[in-house]
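Only one chain is shown below, in C-alpha cells, and it's the form predicted on its own.
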C-alpha cells in the first residue's frame, strides 16, 4: 500500500520532468527536509490540527476571534468529490445460482455488461479504477481499463465482499432449509447480524470506510474516481454519503445494469442512479 501512495505522489505534475526513480528519490528528500525543519505547534495561539486522511480535526486551539471560524472548519473537513462513479461488478455464475460469497468468474452476460461499461466510460478519463481482490470486480475493471488511454487498477482488500463464514458458497434457499436459525436471525436485524465464523454489515463497516479513505488519498482528489465493488460493500460506501439509517443500509438498491454517480462540495451532495446499457436491457431490473 505504501508503494501505491508513493507512486501516486511521484506521478504529480511537479515530478513529470523526472524518471520514476528520480521522482521517488526527490520525494524522499522532500520528506527528510520536512522532518528537519519541523517545529512543534504548541506555542501557536491559534491552530487547527487536521487528519487529512480521515477528514477530521484532531486538535483545535483558538485564542483569538477568528473571522469565519465555523466556515473554515467546515471547508477543511469537507471532502470535495467532483465525480465518483460507484459500480457493481457484472453478473457472475454465483449470481445465477443465488449463491453468496465465493470468487466466481463473470458469466458471458457479465462480460457483456463489463464491455458496455467500457464503451460508456470510454470518453471519460479514469486514471485509476479501485476494486476488491475478487475476480468479478477485477474482470469488470479490466474491460473498462482497456478502453482508457492511461488507467491503472488498484485492488483494495477493504472492498472485499462480506465473508459469509460457514454459509459461504451456499444458496439462500439452502441456508433457509439447513440453517433456519441463521436465516431467521439475519432477517430480524440484517445490519447487525454476523454470519457464523464470518462477517456482517456492522463488522465490515470500519474496513470499508478505511478503503474509501485510501481511495481519496491515492486518487489525489482527481476529478473522476471509479470504484468497482460488490452489492453490500457499495451499499456501505453509498451510505457514507447519503446518511441512510443503518437498518436501511442492507436494502439499498444496487443493480448490475446501473451505477451511482456522486458529486459533493460545500453546498450540495448529489447522487443519481444511471443506466449504462442500451436498448431494452437498460430498463430491466438486475
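Computed from a predicted model, the values in this text were never measured in an experiment. Positions refer to the first chain, counted from 1.
In what follows, reference is made to the form predicted in complex with a small molecule, a form of this protein that is not presented.
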query	finding
Listed residue that, although the small molecule is not shown, lies within 4.5 Å of it in the predicted bound form (heavy atoms), from 201, 85, 121, 130	201
In the predicted bound form, the residue from 214, 115, 99, 207 that sits within 4.5 Å of the small molecule by heavy atoms	99
Proximity of residue 258 to the small molecule in the predicted bound form, heavy atoms at 4.5 Å	no
The small molecule contact in the predicted bound form: residue 144, any heavy atom under 4.5 Å	no
Distance check, residue 161 to the small molecule in the predicted bound form, heavy atom within 4.5 Å	yes
Contact label in the predicted bound form: residue 135 to the small molecule, heavy atom within 4.5 Å	no
Interface segment, criterion being heavy atoms within 4.5 Å of the small molecule in the predicted bound form, picked from 147 to 155, 69 to 77, 122 to 130, 100 to 108	100 to 108
